[in-house]
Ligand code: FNR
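Coming up is one lone chain in structure tokens, specifically the form predicted on its own.
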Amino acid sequence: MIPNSSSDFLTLHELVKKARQKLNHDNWDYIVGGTETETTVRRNRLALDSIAFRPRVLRDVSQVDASTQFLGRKLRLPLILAPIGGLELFAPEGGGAAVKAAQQFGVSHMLSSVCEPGLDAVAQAAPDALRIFQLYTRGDADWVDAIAGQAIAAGYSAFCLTVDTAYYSRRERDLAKRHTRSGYMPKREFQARLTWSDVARLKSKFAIPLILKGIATAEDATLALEHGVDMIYVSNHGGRQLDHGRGTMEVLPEIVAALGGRVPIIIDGGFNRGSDIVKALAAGASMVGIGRMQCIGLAAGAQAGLVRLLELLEQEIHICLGLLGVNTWAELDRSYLHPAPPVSTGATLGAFPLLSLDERSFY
């Protein structure tokens, strides 16, 4: 058992600060950066900051329970550690540290296919974790089918196909420094050739639940449903792919309306605080993916740092639910939300106003 690190970190922004102190400039930029003007990154944050709460009072909220059921398992929070390539940049065990934290705390983990130490090693690192495998297509249909079979054999509970990376975007933070990241370029043409027929083939050939990650319109959510997809993952790749996209919380209502509760919805994009997660579930999401914050937890303290980050998110969520006047997610709906002008600039880490970093690190 890894010792509880609560005495070291009492707030989330302390974890962010520790991560910044430990990371070099290139790896820090990988966490906070996006594509080209980074407009989509900021819109993710602004979409969340443009929602206010409508709390109810004088209700018995002495039994707040933030747990949920997902893929047949009870989880402590409705969270997925989102798929991130290169977690080994932030902790020596890479995906192994993240999946161990997920198992220890009790949330789900989604492994990126470009994250070390790979599909089988991560499965062995945390055999009791709720694990999902995410694939970037780097080969033909037989190659994809072989990976899907390997994931099923290794005990992954669902298979996720990322669909918003037909081209690799221009990450100008890296380009301006002439910094080249390894492992992201080979055989990218296969991702560009991906179509709905590939989705249909996977659904017809494998029984494992299929998730599409990178859905950003009601039209594509509806098409996914028509092709038998089991879950919709609303995402703009954290603002790392298409510049000038909408924030995911702005996208969510049209997708919720189009799907009508027929399949679960996962969402990520700028979710940094417990209140952000509460907003997503009130708006109709079933699960929230955390990406940048996962990197920050690992960079600050490896597995223990990520577990501590999850503990702090849980504290924030419990307090938020109680102050809204609800005990469970089932009691929450859109009536608890209201549009409001944002008070932030949409900076990547604008959710942490007490963070005493050089302002340039926010952008």
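These numbers come from a predicted model, not from an experiment. From 1 onward, residues are counted along the sequence shown.
Another form exists, predicted in complex with the named molecule; not displayed. Remarks below refer to it.
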Run the contact test on Ser157, Pro209 and Leu212 with a 4.5 Å heavy atom cut-off to the named molecule in the predicted bound form and return yes or no. no
196-204, 257-265, 279-287, 128-136: which one contacts the named molecule in the predicted bound form at 4.5 Å, heavy atom to heavy atom? 128-136
Considering non-hydrogen atoms and a 4.5 Å limit, does the named molecule approach Val251 in the predicted bound form? no
Do Gly238 and the named molecule come within 4.5 Å of each other in the predicted bound form, heavy atoms counted? yes
With the partner left out of view, is Gly291 within 4.5 angstroms of the named molecule in the predicted bound form by any non-hydrogen atom? yes
Is Ser112 close enough to the named molecule in the predicted bound form to count, meaning some heavy atom within 4.5 Å? yes
From Ala221, Val229, Ala97, Ile84: within 4.5 Å of the named molecule in the predicted bound form by heavy atoms is Ile84
Between the options Ser275, Gln104, Ser169, Thr162, which residue brings a heavy atom to within 4.5 Å of the named molecule in the predicted bound form? Thr162
In the predicted bound form: members of 28-53 within 4.5 Å of the named molecule, any heavy atom: Tyr30, Ile31
